[in-house]
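Below sits a lone chain in structure tokens, taken as the form predicted alone.
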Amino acid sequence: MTQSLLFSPIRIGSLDLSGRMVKSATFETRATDNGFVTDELIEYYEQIARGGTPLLITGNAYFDLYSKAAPRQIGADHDDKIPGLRRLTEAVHRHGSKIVFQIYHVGRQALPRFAGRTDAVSPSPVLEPSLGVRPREITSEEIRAVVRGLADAADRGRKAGFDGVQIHAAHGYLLSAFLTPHTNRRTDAYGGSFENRMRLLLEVYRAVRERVGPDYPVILKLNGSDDLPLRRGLKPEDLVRIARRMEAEGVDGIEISAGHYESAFTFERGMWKGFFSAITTVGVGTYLPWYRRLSVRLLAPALDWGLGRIAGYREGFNLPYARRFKEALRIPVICAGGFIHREAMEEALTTGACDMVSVARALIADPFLYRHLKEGVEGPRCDFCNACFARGATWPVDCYNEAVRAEKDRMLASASG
């Protein structure tokens, strides 16, 4: 009998993996306020590793105050973080899984007061409409500090025992914003032409590679589309061109997602009923100015409906983008996008749309999902209600659908009994 491709081995650079499902990055909100690893954070990752998930990618790690989005975010800003990060990698490795460290700079997509500062930086001072943030233009000196900071963060991850590093250049965060003409209107060496807009990403990659060495796996997270109609966003063909350039530079693999925050969260397609009410009462929306928070609450039903139209759920929603990258690249292509069923994952792999699938919300609901898919066991089933997303960066990452959460708790209690 032919083995399912989902459970067959694959290699990313020098990293050998036992199967083709990846835990994609999410905000964990389980570190300390100053970024140290906690038992609570380790427990979350260890559950997913116990479920046999071949590769886990951490939530985005910050390296300085301006790269940080929220309290309780995992940090890589100083060497004092290394011992805790090593505890995390050792916990995952005990169960046979591999773990990759995601590094990033949040850019303009954060509420400064919530992040503990007074302003935000971006390539250009272009308003971020979903949060109402007007960033200032990042200086040349700060750009150099970003390159150093991300390279330092990658090296700390390597020293802590991570199996690789992922550079986050998607979703409108700083590196993504430099790539995109809509958010990059600079007239210096970092703006204007395609080559200039790629300059920071190339500098970051080269600095990271110099620090971690030639054989250490480096993965890139990139949009398949910026999803910015009527704005100067990047189209799939632009992003494939970027990916090909990064492959030529030596990147070992690429994960495909889509959208900026102002794209109406097309990277989190799901069921949006109650989302705006929740985000303004228990989520990051509580840190919005009172007048903006009030307007969002009053318009919540209409906003929920609008997101449902723009970013409604469908399984494998980034596959059309991923297929274009797969056709153009030799390195492994990982596709994110609402995967939950074995049949959908296997179809994505067998039809050549991607080499691996990455999963976030379905693993939040069922940390043992990979094992359950392999064994044909029905576990807690995410319905993509996005209650977890509405609480992202304020509550610890978990399932907040009451019925699914109760089933998950029973499963975990039974497994530890």
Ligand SMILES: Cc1cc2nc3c(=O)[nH]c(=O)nc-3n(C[C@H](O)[C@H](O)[C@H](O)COP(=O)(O)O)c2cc1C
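Everything numeric in this text was worked out from a predicted model, so none of it was measured. We number the residues from 1 along the sequence you see.
Form predicted in complex with this ligand: not shown, discussed below.
Pick the stretch from 242-250, 120-128, 199-207, 336-344 whose residues have a heavy atom within 4.5 Å of this ligand in the model of the complex.
Answer to the contact question: 336-344.
At the 4.5 Å heavy atom threshold, is Phe178 in contact with this ligand in the model of the complex?
Phe178 lies outside the contact set for this ligand.
Hey, in the model of the complex, is Gly59 touching this ligand, heavy atoms inside 4.5 Å?
Because a heavy atom of Gly59 falls inside 4.5 Å of this ligand in the model of the complex, the answer is yes.
Counting only non-hydrogen atoms and a 4.5 angstroms cut-off, does His168 reach this ligand in the model of the complex?
Yes.
Phe389 near this ligand in the model of the complex, any heavy atom under 4.5 Å?
Yes, contact at 4.5 Å.
Using a 4.5 Å heavy atom cut-off, which residue among Leu373, Ala348, Leu55, Ala360 comes into contact with this ligand in the model of the complex?
That would be Ala360.
Just to be sure I understand the contacts: of Cys354, Cys385, Val37, Ile364, which is the one whose heavy atoms reach within 4.5 angstroms of this ligand in the model of the complex?
Only one listed residue qualifies here, and that residue is Ile364.
Pull the contact list for 266-281: residues with a heavy atom within 4.5 Å of this ligand in the model of the complex, in sequence order.
Contacts from 266-281: Phe267, Glu268.
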